[in-house]
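The chain below stands alone, shown as structure tokens; this is the form predicted alone.
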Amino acid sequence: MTVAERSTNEAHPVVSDFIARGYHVFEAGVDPAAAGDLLAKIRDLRTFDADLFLSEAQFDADPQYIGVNPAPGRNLLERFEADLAFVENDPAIVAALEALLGEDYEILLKKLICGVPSSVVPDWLKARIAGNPVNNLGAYVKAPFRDITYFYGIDFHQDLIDYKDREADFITLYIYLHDVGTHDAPLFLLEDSHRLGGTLFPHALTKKGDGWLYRDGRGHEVQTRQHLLTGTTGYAAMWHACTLHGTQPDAADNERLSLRYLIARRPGVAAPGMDAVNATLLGPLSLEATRQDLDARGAAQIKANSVNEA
């Protein structure tokens, strides 16, 4: 890469946005018609209702907390590779990814995320998970339906949470497949939270003004501004692996369906944009331990949830 190319990458708006606030929103989003077409195909295959869930007796007979998320060979999006070109080949998204991660970036993971509406979550399950910091419902969903990740709210977290010992050399790209308003479990994102680098989940947050005071346990703190990610079909945003974000339970009558990508620089490939961002962080880029909310089985052992106060 020439000096001129390196300067161009570092000057790209996504790089300056990541440095300044830890995320970037694509003003034009992605093709809403293509997003709507994909949504229709997904809804033709799956009904997002109470039939998704095991009964309480079925769950208690064989509780499984690990291995209940989408995986290769069990990922609904594998049926729709051709339909994802409206995201993966979008010129603005490709340019932003190349500016941050280099031209040979790789997709680590892509899956469908469902914010499950309160109206379909069984009462026994609501009682059991109340106050948990991470309500990933995969453990309670019938095995044939575990090709999607189902959430009923998740506390503020970094996407580094799933990658202990890995450097924060990747980003998250999120696409709404339909209009998402304030009652559709939109994401809350904390601007500037990336500045403290990697920190242990659950994170030390105190509500203050229109945002949160965030402490890293190492003597640093930052006052963050809370930003609500709402938008129309095709809304697209990306953020740093250390940027805090979360959702409240879905209060609408319908599910919230979104695409979630994790995209990284390839090992050994120059990524001056990401290097420029990470050079501004005060904390570590990787963690030996990323969370302390789960027991040895993978079940929640802490009752705490800041995002529900947002």
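For every residue, the number given is its place in the sequence shown, counted from 1. As the structure is a prediction and not an experimental result, all values here were calculated from the model.
Form predicted together with a small molecule: not shown, discussed below.
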query	finding
Partner-facing stretch of 156-164, 94-102, 74-82, 206-214, counted where any non-hydrogen atom is within 4.5 angstroms of the small molecule in the predicted bound form	156-164
In the predicted bound form, H245 touching the small molecule (heavy atom, 4.5 Å)	yes
Close approach of A139 to the small molecule in the predicted bound form, 4.5 Å, heavy atom	no
Partner proximity in the predicted bound form: I113 to the small molecule, non-hydrogen atom cutoff 4.5 Å	yes
Proximity of F151 to the small molecule in the predicted bound form, heavy atoms at 4.5 Å	yes
Contacting member of L190, I171, I175, L187, with respect to the small molecule in the predicted bound form [4.5 Å, heavy atom]	L187
